[in-house]
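Before any questions on how it binds or moves, here is one chain, the form predicted on its own, in structure tokens.
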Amino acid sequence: MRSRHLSPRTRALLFLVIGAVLLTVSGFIGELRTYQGAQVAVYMIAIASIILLTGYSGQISLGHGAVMAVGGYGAALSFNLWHFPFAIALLFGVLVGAFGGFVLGVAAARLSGPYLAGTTLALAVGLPTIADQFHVLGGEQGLNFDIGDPPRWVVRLEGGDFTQYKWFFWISIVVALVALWGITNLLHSSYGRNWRAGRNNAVAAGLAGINVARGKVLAFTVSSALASLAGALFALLLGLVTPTAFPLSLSFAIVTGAVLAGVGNLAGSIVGGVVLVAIPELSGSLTTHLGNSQKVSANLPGLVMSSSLILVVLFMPNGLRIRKFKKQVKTQ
């Protein structure tokens, strides 16, 4: 049977071509679509963190929205308080989230199933209340995260109509593609194989010499780093970091996007990101046709997302995959 995996050089070239096409297309679309494209990129990274953790390592997290908040606060705090450059502030947020994920991963290695899900859920519920108690985090008002106008060299390259939203789109797309390229290579390495072995049969993996507990801690750390990166980019798009910007519903939305993508399908994170961005817009259109009711506008997005999740679990438990591809795999 021939390998279905692309070589690292081919994957790098593929991601480079996709990035070049997307950055070129950004000059021909409006402000709203540009902003939504940046949102898709952020959700792609967040969903990829769940796919790595659950689909490859077998651990369940319902609190990755809180991990995103850690990354957002870390980036904004270092940018405002210590005046780090934006790239360093972004990296600092990732490192803070990775450290938090390591600490949580050590505890998670002793838990499984509903116990782990309940622990991470408690984190997502309690973190906003904790953030309100620290003055350095801005309390309920949060922290501003405004990196200013695009650099001059970018404006000269793209012309005077290069807006801040397009600059955010550029940043989000480039960071998302680099992150997905890196995580794709990681999942195709021995680490990814060890995670899958521990997920499928921990006893057999241990007998084969794989340290399953250490692998779970590493998976939780890498997953948290990805979620923190998504949180820092999400804070960039919002222009601020507040406890209400990372509610419990965000954690559920990320899990929903991962289920829609197929929990073991990293490429499906693109589909999941598009769906999560499209649902509010679809709900807004439906609300307009239903009379712009405030109750409908507040509850319809959650209803649409919940219904989509139920339908996918019932009829496509492996996510929105292409059946033809699955048939090809079976015949090989």
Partner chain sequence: MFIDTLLIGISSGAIYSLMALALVLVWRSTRVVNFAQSGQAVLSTYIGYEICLHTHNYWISLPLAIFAGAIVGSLVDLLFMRLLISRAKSGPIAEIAPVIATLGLLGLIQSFIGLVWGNTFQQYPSPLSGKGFTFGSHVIPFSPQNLFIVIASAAVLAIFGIIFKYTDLGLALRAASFQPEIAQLAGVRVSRVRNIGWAFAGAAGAVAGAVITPTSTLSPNSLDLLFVSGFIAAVIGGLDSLVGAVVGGLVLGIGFSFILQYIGGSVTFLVGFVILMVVLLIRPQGIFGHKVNRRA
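Positions refer to the first chain, counted from 1. All values derive from a computational prediction rather than experimental measurement.
Separately, the form predicted together with its partner chain exists; it is not shown, and the next lines address it.
Only one segment in the set 116-124, 229-237, 142-150, 69-77 has any non-hydrogen atom within 4.5 angstroms of its partner chain in the predicted complex, and it is 116-124. Across the proposed site, L14, L207 and V217 without exception lack any heavy atom within 4.5 Å of its partner chain in the predicted complex. Contact check for I60: a non-hydrogen atom falls within 4.5 Å of its partner chain in the predicted complex. Proximity of T129 to its partner chain in the predicted complex falls within the 4.5 Å heavy atom cutoff. Its partner chain in the predicted complex comes within 4.5 Å of no heavy atom belonging to S190. The shortest heavy atom separation between T54 and its partner chain in the predicted complex is within 4.5 Å. With the partner removed from view, the residue among A179, L91, L104, I171 that has a non-hydrogen atom within 4.5 Å of its partner chain in the predicted complex turns out to be L104. This chain is drawn without its partner chain; in the predicted complex, the residue among A87, L186, L111, A213 with a heavy atom within 4.5 Å of it is L111.
In the predicted complex, its partner chain lies within 4.5 angstroms of at least one heavy atom of each of the following residues of 251-275: F252, V255, V259, V263, in sequence order.
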